[in-house]
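Before any questions on binding or motion, here is one chain by itself as structure tokens, the form predicted alone.
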Amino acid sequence: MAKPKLSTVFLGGCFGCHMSLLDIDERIIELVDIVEIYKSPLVDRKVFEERSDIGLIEGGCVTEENVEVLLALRDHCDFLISVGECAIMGDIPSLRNTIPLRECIEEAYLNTVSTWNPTHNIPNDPELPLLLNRVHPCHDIVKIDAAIPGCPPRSDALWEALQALLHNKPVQLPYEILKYD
């Protein structure tokens, strides 16, 4: 019998949610015994060729490329979970939503004290991902089936959610593994 497939994507964020997934420590061995990590930065598969049972999204949509990746994940996953505050609300990357995009870019490439840019050119190579005018949480773009809050979520919250889904149980995360003291 084939193992359920788990896919994860990294959009605009800090990779902390993937680090939290890796922080399940020795349970990662149990996880790979019961799932196939199908498409993920952890396995480096570039395109979907098959469906995944569960998809985990880290980060919000900052670029057009992020939107394309998220749409592909939604199209190829049966159950999609926003993981962490960037995927759920846009979090730190969305702080730029109150400032015009051009002003943000000029601040980053021209105006900061630590910027050394003698040509005063702003990168515009067509290979660079095109920034969106605003950062979007994932539910702005696709239907999300569940969310695991935190910045990043505790590894125990990720573990408990995956265990519930893989055993066809409802995801009920106790407050103790969601709170931060």
Partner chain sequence: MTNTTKIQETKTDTDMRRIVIDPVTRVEGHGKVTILLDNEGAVKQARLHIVEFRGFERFIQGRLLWEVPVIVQRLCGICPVSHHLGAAKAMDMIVGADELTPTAEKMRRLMHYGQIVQSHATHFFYLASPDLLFGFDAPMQKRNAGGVVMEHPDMAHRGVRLRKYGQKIIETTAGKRIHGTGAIPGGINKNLTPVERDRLLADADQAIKDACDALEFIKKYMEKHQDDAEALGAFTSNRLCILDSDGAMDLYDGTLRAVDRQDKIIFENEPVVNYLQHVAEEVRNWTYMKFPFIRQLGPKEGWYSVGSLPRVTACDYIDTPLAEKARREMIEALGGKASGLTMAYHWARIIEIIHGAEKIKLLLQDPDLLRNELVVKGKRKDEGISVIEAPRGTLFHHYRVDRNDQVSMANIIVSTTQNNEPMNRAVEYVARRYLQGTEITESMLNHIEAAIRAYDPCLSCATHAVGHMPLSVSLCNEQGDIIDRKNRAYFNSQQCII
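The model shown is predicted, which means the values in this text are computed figures rather than measured ones. Positions refer to the first chain, counted from 1. Take the two forms, superpose them, and find the largest set of C-alpha atoms that agree within 1.5 Å; that set is the rigid core.
The same protein also exists as the form predicted together with its partner chain; that form is not shown, yet it is the one meant from here on.
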{"query": "Any non-hydrogen atom of Leu101 within 4.5 angstroms of its partner chain in the predicted bound form", "finding": "yes"}
{"query": "In the predicted bound form, Val43 touching its partner chain (heavy atom, 4.5 Å)", "finding": "yes"}
{"query": "Non-hydrogen atom contact Ala72 with its partner chain in the predicted bound form at 4.5 angstroms", "finding": "no"}
{"query": "Leu132: touches its partner chain in the predicted bound form, heavy atom cutoff 4.5 angstroms", "finding": "yes"}
{"query": "Residues in 11-32 with any heavy atom within 4.5 Å of its partner chain in the predicted bound form", "finding": "Leu11, Gly12, Gly13, Cys14, Phe15, Gly16, Met19, Ser20, Leu22, Asp23, Asp25, Glu26, Ile28, Ile29, Val32"}
{"query": "Displaced residue check between the shown form and the other one: His120, CA, 2 Å or over, core reference", "finding": "yes"}
